[in-house]
Ligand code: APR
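Consider the single chain below, provided in structure tokens and representing the form predicted on its own.
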Amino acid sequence: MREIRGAVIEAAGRPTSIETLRLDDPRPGEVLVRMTASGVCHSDLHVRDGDWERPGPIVLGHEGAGVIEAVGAGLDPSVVGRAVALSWYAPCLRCRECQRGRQWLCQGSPSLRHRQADGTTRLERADGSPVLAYLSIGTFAEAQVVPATAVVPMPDGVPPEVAALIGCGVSTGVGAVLKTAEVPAGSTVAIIGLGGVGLSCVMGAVLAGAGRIVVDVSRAKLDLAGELGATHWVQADPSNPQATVDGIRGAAGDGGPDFVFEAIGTPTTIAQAVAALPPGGTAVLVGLTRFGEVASFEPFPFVDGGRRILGSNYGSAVAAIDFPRYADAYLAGRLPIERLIDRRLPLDDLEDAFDRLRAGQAARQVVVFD
């Protein structure tokens, strides 16, 4: 057992506090990882702000990278010292979806319970009371014990910050384009929302060989998207959603883009994504809404025009295969992941990072551990 510092919330909707916790040793099927970097993702903000109900107390964070320091019984000890990215959806490898190769839909993942596979947690406070780890990895901590299936070794030369983003935002956005939607070369693609996931959709569209139209209220983010390969852009006006739809259609030509990726998760932007489609077009919903929110669209033109809606969870990632693939693309210069990072910060500044994210001022902020 060791002592670590981690960012804990008592319950969804509460602010984080940096606490000293006790971390137990890994048990069979578990790995002890010393964290090196953790991205600040909007999913953490949803929990922090109470949009998503989660049990507590819980250490937040789910976009992480680190170094293996110990393994539980039955695992190969030669992996100690390896740099890794962490998957926030550790597959059970036994359920029907895992057996079908669709690990992103695993129904037996311990991540659903924010515990280890045996139903317990390795974290506790000084008084012995248990503390959970968000999605079983809780990356806003100096170290964590995680399921072995959440651990993916990284090639040499991948910086910790890049590995962390591969673990969530990059796989979610790039995978939505390349795996969920399987965008063909030459297609026109619009991306609504340019946070870390939306910008990753831009990079995925570049890899796919598609024309790229990007939409955001922030001129700075539009400029960054242009540096990443966007060819057209539309500056959204929140007070006039129809003008944004018209701008997307006009930039795409031919009645609208073949694919629209919605990477924010609001009813308004989801409706815009559907409304911008030409006949035969596909809206890919990547952003996650608050619990209970409902989006709507007019069904007649949707059905009459043979339009489609796809939900994309985690970019249809099979982490053990896709994480190294994205890392290799980064090393080859084809996936400029480091351009997404607009701030590095210590764990103690996490609440300030949430403030910036809430205000729409951040692409990807990364907590860096010593």
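Numbers for residues come from their place in the sequence shown, where the first is 1. Here the structure is a predicted model, which is why all the values come from computation and not from measurement.
Missing here is the form predicted together with adenosine-5-diphosphoribose; even so, the following discussion is about that form.
With a 4.5 Å cutoff on heavy atoms, residue 269 counts as touching adenosine-5-diphosphoribose in the predicted bound form. Although the partner is absent here, residue 147 is not a contact residue: none of its heavy atoms lies within 4.5 angstroms of adenosine-5-diphosphoribose in the predicted bound form. When contacts are judged by a 4.5 Å heavy atom cut-off, residue 260 does not count as touching adenosine-5-diphosphoribose in the predicted bound form.
In the predicted bound form, adenosine-5-diphosphoribose lies within 4.5 Å of some heavy atom of residue 41.
Within 4.5 Å of adenosine-5-diphosphoribose in the predicted bound form, a heavy atom is found for every one of 52, 193 and 362. Judged by heavy atoms within 4.5 Å of adenosine-5-diphosphoribose in the predicted bound form, the contact stretch among the candidates 286-294, 98-106, 118-126, 157-165 is 286-294. Among 9, 21, 357, 350, the residue placing a heavy atom within 4.5 Å of adenosine-5-diphosphoribose in the predicted bound form is 357.
With the partner omitted from this view, the residue of 71, 206, 236, 84 that lies near adenosine-5-diphosphoribose in the predicted bound form is 236 [heavy atom within 4.5 Å].
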